[in-house]
Every structure is written in structure tokens, then in C-alpha cells.
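Okay, here we've got a single chain as C-alpha cells, the form predicted alone, with questions on binding and movement later.
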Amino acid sequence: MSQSLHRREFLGWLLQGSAVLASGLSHAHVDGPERLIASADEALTVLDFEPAAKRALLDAHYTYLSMGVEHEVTLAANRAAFTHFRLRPRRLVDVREVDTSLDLLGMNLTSPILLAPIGSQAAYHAQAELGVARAAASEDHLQIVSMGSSTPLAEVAEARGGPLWAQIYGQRFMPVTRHFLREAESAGCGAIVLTVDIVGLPTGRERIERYRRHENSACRSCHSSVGGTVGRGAVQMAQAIGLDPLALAARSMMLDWEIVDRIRDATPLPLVIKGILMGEDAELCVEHGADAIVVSNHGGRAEDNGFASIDALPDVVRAAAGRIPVLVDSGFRRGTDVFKALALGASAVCIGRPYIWGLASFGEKGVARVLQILLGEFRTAMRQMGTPTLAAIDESHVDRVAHRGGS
């Protein structure tokens, strides 16, 4: 009698769960991806935030956020390349407790999902970098602050109250670089992230150039970054002595390994080099004292080489050979994307557009919800793959898909 009762209760529980699942599927089908969410809590995936961000932003700002360069082949490749890899689930592993924590450059982090540097965040929401910092604090994720931040780094650090890295664009004119290094050290940042994939001034951005941002008062009002203030001072000095400031700036941003060495020697903070796609350059990063690498094509915004970051990751990981951590960004939208990167050897993943979609849509709450969704999806992937810890994730959990050409 008792055994029969337990069986009926169990079957009832299963049927109830199936009904809930069916209801959820029906809801998703009826609402569909075109439905505009009215609050951050309504979002089911991070993709729900993109149309909401488009609704909230000026056309120029949404264009800049969404665009790549030239034909945007790299932009498209960053998403398509995730289909080049499939996950290999393992069963009957005890995954009742899932641990997403890791040690990275001397910091204990609770998540391998980091917030990539994005400049001029006041263009997307009045809370700007401070809203992002508060969301990063509430959800406990590492934030990387752009050299082009709308908000002084010290204020962002205070709002975050925890792990923070500072991103810089290197200059041949070292006094400018030293200024930003001292600022990062004073703010208590844990590392310097040197971006090296913008060679000279950015090009191929015709979609945004049509908005003539430098002459548009609506744009100028929200692009007053700290880095921009220093840059404008340098421009005025160059003009005062009859030099072409744009030509000088372009040449100053054409870096080489000697400049990396100077930056390495100029700060005691760990140095992370962002924008590496080739194994040969990863080897040189190690030789020149880098403490970590970010495999990145700048989200398709640096050059249109068509080389997706996730495709480049295995070669860079092999070259680094465990000597320094390898991180990766560009194109990450789902928790399974994050899992694939870690299975391919990445220590952590940086997200960009998704959290800015959340910021543009609902400020701090939107950013927090993006992080909740991505980490939740990643934890689900860990359970499905039978990996209770990050250390358990390895290359045995991912296959490269063989693509056959048509006749």
C-alpha cells in the first residue's frame, strides 16, 4: 500500500513537471523572440535585451554598439564559429553541487564570466560604468574598465568595491601611458589589460561615420570620457605647434614589442595582453613577460579578417602551454558558449555587448540580469556535461565538427 502510494506520488510529480515544462514552452512559442521585454526580470536569455536596447538608444548609439567593420565578416564569424564545436555530455556524475570559482592572477573569483572593457558607457545609460560596477558587485563578477570610461576609474572602483582591472591602449608617447598606469595603481586595480589589436586609428567604420558624431551635440554630450579629455589636451598641444594631431595619434598607436617591454617595466601590476589571435604571438607574449592573454578580435570591430576568436583559441592555448592563463572574448551569448571556451582551454570568458544591452535597457538591473542568465546557463551546461568544478572541464568535453563541402 505504502509503496503504491509512493509510486503514485512520484508519477504525479513527473506529470506536474511535464505540465510546467509544456506551459513554459508554449509561453516561449507564443511570445517569441520579437516580443519586447518591459523589465529585466522578463528576460529569458540575454538576446531578449538586444531589441530592448535598440528601443532605448539613439540610432547612432545603437549602430555603434551593433556594428563591426567593413563587410562585418568577422562580426558574423564570431557567432557562426560556435557551431564548429559540439559538447560531449557525460552521465551519472554527482553534480548536485556545482562550483564555478577560480583563481586568476592572484584573485579568487566566483565566476569565469568577466565584463569586458567598453568605453563611453554614458552613451548607453545615465548610470554608465557605475551601474555596471554595482551590478558586477551584486553578482560578484570581475569588471574590466575601459581607458575610454565615461566615469573616473577611482569612482568605478569605489562602486565595485572588489576585483577590477583597467584596460589601456598603449602609446609610443609613454607619459600618456604612465598617467593611466598610475591612475590604475591608485584605484587599486588588480591588473592592466593592454589592447593591441587597434593598429593606428580605427578604420572601416563607415556605418557610424555617417552620423558625424564629432559635430552632433547629442553625441558629444555623452562621449566625454576620461581618456578623451587627455587626448583632447594632446591634440590641442600638437595643433599649437603646427603638427597634424591625427597623424601623430595614428603613429603613436602603432605598437611593437619594445613598447610592451616599456609598459611591463613601468608597472608592478600583472599585464594582460588583449587582441591575440595567433599562437606565434602568444609565444611572444610569454617571452615578453605578459601575465595573461585575451584571445580577441575586438568583437569584430578591429579588422575584417573573418577569424573568429573561438576558432583562434585552441592554437593560442597550445602556444601558451599552461605557462600563463588564456582568456577569450567576442561573440559569447549563451552559457554553452562559455563552456565550449573553457573546454578548449580558456581560463575565463569576457562578455561585451550582452551586458551593454542590459545596461541600455534597464541600467544596473539589466546588467545584473544578464549575468544571472549567463551564469545560470553555464551552471546548467556544467551539470549536463558532468563537470562539478571548472577543473573538471577539459578537451574531452568538446569535439570539433567536420564540415563537408557540397558537390
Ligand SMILES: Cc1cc2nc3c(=O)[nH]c(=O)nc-3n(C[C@H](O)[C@H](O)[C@H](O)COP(=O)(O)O)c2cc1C
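Residue numbers here begin at 1 and follow the sequence given. Worth saying up front: this structure is predicted, and the values here are computed from it rather than measured.
Quick note: we don't show the form predicted together with this ligand, though the next part is all about it.
Between this ligand and the residues C189, A116, I273, V316, the one pair within 4.5 Å by heavy atoms in the predicted complex involves A116. Taking a 4.5 Å heavy atom cutoff to this ligand in the predicted complex, the contact residue among T151, Q127, Q171, T195 is T195. The stretch in contact with this ligand in the predicted complex, judged by heavy atoms within 4.5 Å, is 290-298, chosen from 261-269, 177-185, 290-298, 246-254. In the predicted complex, at least one heavy atom of S146 sits within 4.5 Å of a heavy atom of this ligand.
The closest heavy atom approach of L344 to this ligand in the predicted complex falls outside 4.5 Å. At the 4.5 Å threshold, heavy atoms of Y64 reach this ligand in the predicted complex. By the criterion of a heavy atom within 4.5 Å, R353 is counted among the residues contacting this ligand in the predicted complex. Scanning 309-331 for heavy atoms within 4.5 Å of this ligand in the predicted complex gives D329, S330, G331 in sequence order.
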